[in-house]
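A single chain, nothing else alongside it, follows as structure tokens in the form predicted on its own.
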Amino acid sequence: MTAPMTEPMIARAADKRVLPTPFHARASALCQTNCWSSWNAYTVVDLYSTLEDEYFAIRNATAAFDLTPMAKYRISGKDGLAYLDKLMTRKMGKLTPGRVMYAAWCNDRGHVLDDGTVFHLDKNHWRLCSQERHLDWLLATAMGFDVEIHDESAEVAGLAVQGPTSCRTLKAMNLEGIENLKPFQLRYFPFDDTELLVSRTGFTGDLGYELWIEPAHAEKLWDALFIAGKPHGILPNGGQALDMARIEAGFIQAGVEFVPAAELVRPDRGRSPFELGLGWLVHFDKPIFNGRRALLEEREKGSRYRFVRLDIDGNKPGNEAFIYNGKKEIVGHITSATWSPSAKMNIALASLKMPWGRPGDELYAEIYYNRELQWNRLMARCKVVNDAFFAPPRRRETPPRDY
């Protein structure tokens, strides 16, 4: 006999529901594959049609990705800047109203909790966007500051509009002056009796924008965007195509390149900003921030790991492969990998034990692949690459050219 569900059991079951985003009706109508996944308690499309079509929409036209599940926190109050400066490893004083800044934040061990973008909306009002949810940590860190922190994740719908024709698409929506928006700037536009916030930001390493609006206006925004973008090749893209683009750009992802420090079972498995290639975000010329002492010690003693980009021989992606040195010793592993159609390279992001990962090091990826029930193993030579695999000049051009 099954016991009846008590009220606490019902509440716990309800907490695990996966919710539709405000764009769900439009997305589901275009999703031919019925391929979905969950992100922060929302259901999102992994693949609408074919991976090739969606990837090349990002690189050759305009692609729209549903950003709504991203965690979004409103930070308000006269101590907001001081609070953010303590929270983040990066100096936040240069973040003026109308600007966006990429930043990371750590625990006391100097291990990264997450990375994300901070929007300075107006005086004494900021928005922090991140992949993971961090409300408890943000509230605990705010002790002693005159700030208010509000989780507005469900109150803001978002679309990433990326690709070389993205600016032309937004101009066709009558967003006057959108072509003058510089990278990491934001601006408000009137739309459907409300305000549309547009930031020149994205996760593809290409020309692109992110659109933020109240959920009640989400479907009208989607419709207006796709009508305006139809002459410019607009398509929706799912998470698979986005993942290819962000690997090409060399962007890290929480839960893939690192385990957020708050989720660690073994504390020594965390990664510092230096160990994720984010040392440029650590500013020791400010007196106090979370993890400063541990990061100073790491700078003096050296890091345990090095984050690298790899060009791998052949065309077999090295997902989760071990990396060996010339002496056949395991020195690290691949965190993300894909074939890059734009760079025409077999590329990967990897975490290697120090001192490995220097340009010129002899490295091999142990790759397994299955062909018709036959497993094959190969040791593919790897070359360390310093720069992003794909970084077109158009991502920074202002105004962008009309492609």
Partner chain sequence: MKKYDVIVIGAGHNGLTNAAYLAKAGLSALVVEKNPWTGGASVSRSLYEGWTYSNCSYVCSLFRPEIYRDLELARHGLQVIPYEGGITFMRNGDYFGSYSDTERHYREIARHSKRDADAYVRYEADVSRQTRLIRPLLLRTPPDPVSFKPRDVMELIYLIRTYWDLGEDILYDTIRFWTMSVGDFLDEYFESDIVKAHLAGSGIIGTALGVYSPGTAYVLLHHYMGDVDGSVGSWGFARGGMGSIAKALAAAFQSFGGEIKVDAGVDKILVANGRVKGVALENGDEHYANIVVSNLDPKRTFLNIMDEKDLPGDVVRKARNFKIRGSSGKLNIALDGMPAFYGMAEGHELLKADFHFTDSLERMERAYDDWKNGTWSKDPYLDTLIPTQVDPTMAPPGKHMMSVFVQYCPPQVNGRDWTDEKRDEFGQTIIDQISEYSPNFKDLILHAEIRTPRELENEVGLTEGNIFQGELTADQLLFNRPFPGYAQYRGPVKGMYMSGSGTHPGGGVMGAPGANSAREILLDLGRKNIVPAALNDE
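Residue numbers count along the first chain shown, from 1. On a predicted model such as this, the values are computed, not experimentally measured, just so you know.
What comes next is about the form predicted together with its partner chain, which does not appear here.
**Student:** Counting only non-hydrogen atoms and a 4.5 angstroms cut-off, does residue 368 reach its partner chain in the predicted complex?
**Tutor:** Looking in the predicted complex, residue contacts with its partner chain do not include residue 368, since no heavy atom lies within 4.5 Å.
**Student:** Contact with its partner chain in the predicted complex for residue 313, defined as at least one heavy atom pair within 4.5 Å: yes or no?
**Tutor:** Close contact exists here: in the predicted complex, residue 313 approaches its partner chain to within 4.5 Å, heavy atoms only.
**Student:** Residue 230 near its partner chain in the predicted complex, any heavy atom under 4.5 Å?
**Tutor:** Answer yes; at least one heavy atom of residue 230 falls within 4.5 Å of its partner chain in the predicted complex.
**Student:** Would you check, heavy atoms only and a 4.5 Å threshold, whether residue 26 touches its partner chain in the predicted complex?
**Tutor:** Judged by the heavy-atom cut-off of 4.5 Å, residue 26 is well away from its partner chain in the predicted complex.
**Student:** Considering its partner chain in the predicted complex, which of 70, 44, 31, 345 comes within 4.5 Å of it through any heavy atom?
**Tutor:** Of the listed residues, the single hit is 345.
**Student:** So, 120, 137 and 174: all three within 4.5 Å of its partner chain in the predicted complex by heavy atoms, or not?
**Tutor:** No, the whole trio is out of contact, none within 4.5 Å by any heavy atom.
**Student:** Taking 4.5 angstroms as the heavy atom distance cut-off, pick the stretch from 90-98, 129-137, 158-166, 217-225 that is near its partner chain in the predicted complex.
**Tutor:** Heavy-atom contact with the partner occurs in 158-166.
**Student:** Let me know which residues along 358-386 have a heavy atom within 4.5 Å of its partner chain in the predicted complex, or say none if there are none.
**Tutor:** The stretch touches the partner through 369, 371, 374, 376, 378.
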